[in-house]
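What follows is one chain in structure tokens, specifically the form predicted alone.
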């Protein structure tokens, strides 16, 4: 896996000037940076998680066929996580797989979904249940794109950065020290962004197909994904991850150091300022039972326990619901 190129200037125009290049973006990026796509064959998809579907993948593939693309075409995805996941899956599927380059434009995509080669779409409201591992040839992180990023999307990315902090002791120390600067987009934010990018790369490089170490990146996602679906994607993904991290820590509070547990709650509260959605423990449990991480009828929770350590918790649905029910009132 090639290391992500991190730059503070938008140099994508040269990338798109290649003879056999096809670009995919969404309407948000297209309206902000229309000049990037003037001389390039491209598809513009609708923005938002609800458009991360097999239908959108089909749209991209059909457009590529009509544009005369072939097996030597390089697809360039320019956008947030929905664009990267969807276009990457189209690249994995078109003519049984073509090269692709990912240019994440949101903080979330830069530090998480844009790195690692996990492509896919949602089906029936369940996240990423159709997809493929298809590593991009290159990931280009242009922090200039962050200048136009709305506050909500900044906090969304911060949610995944908090997760990385709980998984790595060095990032944790820097994040605790600079959390307010991160939230306000201060100078230290960009150092923390680079740390998150490099951490995600290191985990993916060690475990591309999520058979071991990479599973730790699912921290916060068992509850987070379930609540995200039940709440109708009302908040950002990163906010649901922060809610999930806080909930999963509360479910196993008795196993965590008290000071560490307090820091987890504080960091997550800085990122997600919303109350836990009004969903019932039994609803979350029923949804979590369909999570692709589960095995043998048990629900899997990846629990950060401090110092960069993570424990894989496997519990029955009954125990999961009991633990969650016990702590919902304090979330």
Ligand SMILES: NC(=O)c1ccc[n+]([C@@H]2O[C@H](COP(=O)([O-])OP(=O)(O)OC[C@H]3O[C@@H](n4cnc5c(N)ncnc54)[C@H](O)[C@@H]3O)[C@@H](O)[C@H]2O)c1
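Since this is a predicted model, take the numbers as computed values, not measurements. Numbering follows the first chain given and starts at 1.
Below, we turn to the form predicted together with the ligand, even though it does not appear here.
- Checked against the ligand in the predicted complex, the residues 44, 47, 64, 36 give one hit for a heavy atom within 4.5 Å, which is 47.
- Every member of the trio 28, 80 and 127 reaches the ligand in the predicted complex with some non-hydrogen atom inside 4.5 Å.
- Partner contacts here mean any heavy atom within 4.5 Å of the ligand in the predicted complex, and among 147-155, 186-194, 87-95, 239-247 they occur only in 147-155.
- Residue contact check for residue 32: one or more of its heavy atoms lie within 4.5 Å of the ligand in the predicted complex.
- The ligand in the predicted complex comes within 4.5 Å of no heavy atom belonging to residue 175.
- At least one heavy atom of residue 106 is located within 4.5 Å of the ligand in the predicted complex.
- By the criterion of a heavy atom within 4.5 Å, residue 216 is excluded from the residues contacting the ligand in the predicted complex.
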